[in-house]
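Let's start with one chain on its own, the form predicted on its own, as structure tokens.
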């Protein structure tokens, strides 16, 4: 991956009637990276993918590939290929025939087609399956056929629409790793559309989070998780517990915020999101938040924790290497905490409904605006 942009999207909008599927979206996609478009259903990610592929025309804005205007070009004239969610392999053709189809349509010489098909099948580890028909393959193998069919055309940009959604959980995990290795081997820029946060976090070099047609943040997976720009992004890329800010003052660079559940909390400057830009705008427009892995749960009251909540022990869910512990509260929805299995077992022995304390340090909290997009904090 380089810092050079292969795709530049500038104030791109798409309206269907009065509904804005995309609203002035702007960002760059770097050459050689795996870039994910992430968001809930209806957020605009599929519309953006269709605009990139040429199947939709934007209402306004710019779309550049290698600095050249892409919008006037028809889909078959763009150096871009797409792998659809259904794979769309031809059932009556062999694997080799499927992969060769696009090259035949372009009128490529037979000798070159044979060489490129063999190379493409080798890249996806299907070089021994060329004579088989799609019904003789597993779901993961059919997906690789779809990948080989687009890779053989050597596109500048490869678009993947929910590429793993049709696979079972175990195969999906394996294919994530294969996609990453394949992209590293071929060096083509991948753009992946998904609503699966774990998929995007595992595969992508960078992620664009969209909601209701607006771009909320573009960042690496770790940046999204550790430094989300607002409450929506924080909640969408992982579990987080938020508390509405009802009062605010400032002490030097730190913020002192009040919440109904936690009282007054001093939030260190390092935990304040970039989207926080005016002290007087915090009340009613922001939250303090903590992730479950930072919450401790004990059957006795802690002596030194900076934030403490009294609750009742709820369900304990074994997750393999750790357990998820529920803390039931009187005045708000339950909290969850990540605990070692040994600690979870000790809590379990206390009994469901027993008194417990949830506690954590303010250094592990975030002060987030509800929506940072109006402040320009999306990068």
Partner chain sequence: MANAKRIRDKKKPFEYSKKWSLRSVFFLATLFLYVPIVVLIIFSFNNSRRGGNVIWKGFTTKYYGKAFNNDDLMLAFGNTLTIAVVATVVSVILGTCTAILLWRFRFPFKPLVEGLVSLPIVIPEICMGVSLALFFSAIGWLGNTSDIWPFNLINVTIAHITFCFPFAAMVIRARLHSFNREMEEAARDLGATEYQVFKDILIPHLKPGLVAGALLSFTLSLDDFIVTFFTSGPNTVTLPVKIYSMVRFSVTPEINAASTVVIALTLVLTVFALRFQSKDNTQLQ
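Positions refer to the first chain, counted from 1. We call the rigid core whatever largest set of C-alpha positions still superposes within 1.5 Å between the two forms. Just so you know, these numbers come straight off a predicted model, no measurement behind them.
Form predicted together with the partner chain: not shown, discussed below.
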Item to check | 4.5 Å heavy atom contact with the partner chain in the predicted bound form for all of 174, 177 and 190 | outcome: no
Next on the checklist: Against the partner chain in the predicted bound form, would residue 197 count as a contact residue? Criterion: heavy atoms within 4.5 Å.
Outcome noted: no
Next on the checklist: Contact with the partner chain in the predicted bound form for residue 253, defined as at least one heavy atom pair within 4.5 Å: yes or no?
Outcome noted: no
Item to check | 4.5 angstroms heavy atom contact with the partner chain in the predicted bound form for residue 269 | outcome: no
Next on the checklist: How about residue 153 - does it come within 4.5 Å of the partner chain in the predicted bound form, if we only consider non-hydrogen atoms?
Outcome noted: yes
Checklist outcome for this item: In this chain shown alone, the residue from 221, 134, 130, 258 with a heavy atom within 4.5 Å of the partner chain in the predicted bound form is 134
Checklist entry - With the partner chain left out of view, which of 76, 278, 300, 304 would have a heavy atom within 4.5 Å of it in the predicted bound form? => result 76
Checklist outcome for this item: Only one of 229-237, 92-100, 119-127, 280-288 has residues with a heavy atom within 4.5 Å of the partner chain in the predicted bound form, and that stretch is 92-100
Checklist entry - Using a 4.5 Å cut-off on heavy atoms, which residues of 46-65 contact the partner chain in the predicted bound form? => result 50, 53, 55
Next on the checklist: My question is whether residue 211 is one of the residues whose C-alpha shifts by 2 Å or more between this form and the one not shown, given a fit on the rigid core.
Outcome noted: no
Item to check | Shift of residue 93 between this form and the one not shown at or above 2 Å (CA, core fit) | outcome: yes
